[in-house]
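Alright, two takes on the same chain below, each alone as structure tokens: structure 1 and structure 2.
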Structure 1
Amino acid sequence: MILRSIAVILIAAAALTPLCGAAEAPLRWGADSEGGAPYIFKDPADPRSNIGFEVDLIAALEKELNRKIEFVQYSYGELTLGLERGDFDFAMNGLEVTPDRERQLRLSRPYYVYRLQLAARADDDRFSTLEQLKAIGGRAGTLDNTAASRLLTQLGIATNLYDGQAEPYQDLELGRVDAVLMDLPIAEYYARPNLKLKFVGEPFGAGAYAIAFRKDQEQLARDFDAAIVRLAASGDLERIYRKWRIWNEDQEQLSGDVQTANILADSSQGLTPDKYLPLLMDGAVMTVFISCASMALAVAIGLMVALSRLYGVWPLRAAAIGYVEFFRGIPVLLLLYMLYYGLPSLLANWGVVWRPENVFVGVLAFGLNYAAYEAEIYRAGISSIPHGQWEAAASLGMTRFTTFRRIILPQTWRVVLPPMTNDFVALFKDTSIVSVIAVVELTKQYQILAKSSLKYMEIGLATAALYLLLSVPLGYLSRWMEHRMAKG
């Protein structure tokens, strides 16, 4: 009887399965809500919700397609890789139509026509075009892997590349860059309302945003193409864009054939090793400089902190303990943002102008952070030396300073050298974080070259080889020094 009941249940479940599966699964939309205004960003009134013109467009597409669409948070720079991995069904996040993307992906018909807009400080009248900016040796800021960044590179203009949209305009306001070149929707949101900034010249170089699909998603892409046409014809696109104050006469093309100006060369062609290896070498030089300078600063500060904790009066000991706990307890990324963006803005409120260079801030942040770890290494190393050696030196008439310099420190050096070397190798790899403040070191240079050429594996192997060439010898040097000191 029990077996008969189980059989009936299984047959019923098998019969209902096709009916349950008749409802199509929700589509997954990949985008980055981190600082993505006016495309997609967090609602200030409710940070758990996303707003933006692309969020409204998705809602309209849901109705047209009669299919639910779910948001998937994904880093902007990795959207293409995530789409190809199948982490989501389509990507829509202000993705510009470029020859590279058209070759790699199935792009929908355009849903927005953009232009590039140059911005400068309100009191800066030195230039009105990109050519004049180049002539005065000016530096521009823009987003990484965009039409604007490629155009600046083609023109040979010094460029700071950012991962977020707000940071370039903040650096422009602080005088770290002379101009910012961005898509017009971004400029309208960040630059126009800022009284300290101004638009320079008219928008130029029309391009288009499209939704990205994998090459094997032809039918899904066609469905979206048809939905975009219907939204343009019904006036829903205009309604959404007017709500976000990004409607202009260029958008009237959307119901027909969109015409854009191809101001960019196809960057995936002709990027051979003789062209990208010198750029990777430049990034490697920057990585080595930041690593060495930061470690030197960390060693100097760490030794002072360790001595203060071991031999200082109680206020110094308390300060040393506080230093170690504070800098070991916060991530370097947070420290970089605080020093580079937060501190200058705070000082500006008090009338103090401080505009540190991004490389200086990178060295300072890593030096302060790693000094906390070095201090603990030195404290443990010094404490490992038997106290009797202090007493023996005192019996010979040596001062405490001379005893430390001639007897304690040389022995401590042998103890702390291996962990110091490990920290230096870790610091060497951690320097990739400084890209968030527009420093182009080795990893950032790889990202720039790989994203623009799509040669992720080829350039990645070259980058890995450079890291190994720079880091492996450190291990051999450390062991050689240990062996030499052991003999001495």
Structure 2
Amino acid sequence: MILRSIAVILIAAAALTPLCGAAEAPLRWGADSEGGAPYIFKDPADPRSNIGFEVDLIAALEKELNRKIEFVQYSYGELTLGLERGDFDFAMNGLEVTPDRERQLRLSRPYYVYRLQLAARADDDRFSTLEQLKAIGGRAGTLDNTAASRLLTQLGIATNLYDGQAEPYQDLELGRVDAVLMDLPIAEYYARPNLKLKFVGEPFGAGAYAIAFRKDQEQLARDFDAAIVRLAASGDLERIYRKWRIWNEDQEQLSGDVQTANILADSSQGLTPDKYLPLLMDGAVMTVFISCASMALAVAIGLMVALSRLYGVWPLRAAAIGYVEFFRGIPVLLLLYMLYYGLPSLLANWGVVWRPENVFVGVLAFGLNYAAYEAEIYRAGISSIPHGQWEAAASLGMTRFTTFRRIILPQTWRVVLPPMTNDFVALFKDTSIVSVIAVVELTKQYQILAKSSLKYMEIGLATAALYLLLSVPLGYLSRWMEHRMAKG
């Protein structure tokens, strides 16, 4: 973890050191090494170092440019942002040449020509093209903010968007999506070796990966352009790509003029409020739904946990204490991953087929997590009801159960409602992390829109307004109820 953010790439370091001008600071290369085979990923044999065809390419470029290059870990989705912020000097991470990027950034010559490959489950023969997938109402999965994701959106195919390359294929295997559309190199690494999956149709379309610089880095970009041409001509590129088994005849264009069919319609037409607001609203509806459903679940489970803890026989009481400590003590993020990816494979081992929808898992994870907090609120609330109420009811002949249901619980509601409303407001904001299991709620929708338009501030404010519109009245409601409770 110490080397998580900055790992210095020193390939052939001994040979290069005397050549590198001591005065020149190393160039910083921004990329995401999280599960990104074959581009750049953690060496399974030595997880502290990165490998991949881009790592080899960087080594070749170091030699060609006679400059040291060091690696900066950056989340894939934020690379453009990091470049503009100056967190690194260039980004190289399978970034596709798109009209948007060409407009905002200085892109180098292409260093790889890619095609898109559709994959399906091995036993699924319902479609062999995207058009057929759409016709059967199938759902596709792909990486967020890529050419493939934009193509799917354009075609109007229902799509789950992911941050990692492995997850879409995993969901394909589990049946949560019907197809995965990704760049061929990714498909080669993640789908080809998996016997439960198959390639459908030929690779199609063509685009190119380029290195991204800021517009004001023209000189540096030219140096890289020249270096790429030399590497292509010398056969170094072919050697690297063959090593990674991603060489094909498409790459022969690299030394000349690269002709890439533009599979992307121009998405550069401005993303104006009338276009993004409806999408944000959809996200807000999802956020509200997940929050409400999770809270309903938490309030129900919480009550049972609190009752077990207060009145249960000792094993039940111990289980309730364990429940509260466990779910209060682990991050919801962990829970989401375990429930979404872990549980289905675990159950599959025992022959149980259970592949819950991502929204369902989100509700379940937050419901279980918040139930721990609500249980404690209930416990405090129930304990705050004077013992005399129990005795008065008992002396009237009521059983303990009737007393609880008719006398204690209704009074408890009034005590627990304000703190629970507070929790609800917190939950409302917490739900944004369900995006890790491909739920497009308000924050995720914001990320998608902002990344493709770079309007981080404008759309951000609109998103914030939506959150506030929902959470502020809730906050007031909570305080009003507290006030009313205080008056008795």
Partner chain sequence: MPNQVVLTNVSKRFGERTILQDVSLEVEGGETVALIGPSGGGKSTLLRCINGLTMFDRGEIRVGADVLSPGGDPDAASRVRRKFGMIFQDFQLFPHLTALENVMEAPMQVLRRSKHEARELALQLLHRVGLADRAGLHPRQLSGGQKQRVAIARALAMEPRGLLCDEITSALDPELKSEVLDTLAELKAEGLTLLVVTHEIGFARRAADRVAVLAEGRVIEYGPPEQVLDRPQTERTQRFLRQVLV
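Counting starts at 1 and follows the sequence of structure 1. Heads up, when I say rigid core I mean the largest set of C-alphas that superpose within 1.5 Å between the two forms. Quick caveat, the model's predicted, so the values are computed rather than measured.
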Fill in: Of the two forms shown alone, the one predicted together with its partner chain
2
Worksheet entry | Arg414 C-alpha relocation of at least 2 Å between structures 1 and 2, rigid core basis | yes
Worksheet item: Taking the rigid core as reference, does the Cα of Thr403 move 2 Å or more between structures 1 and 2?
Response: yes
Item to complete: For Ala394, decide whether the Cα shift between structures 1 and 2 is 2 Å or greater, given a superposition on the rigid core.
Response: yes
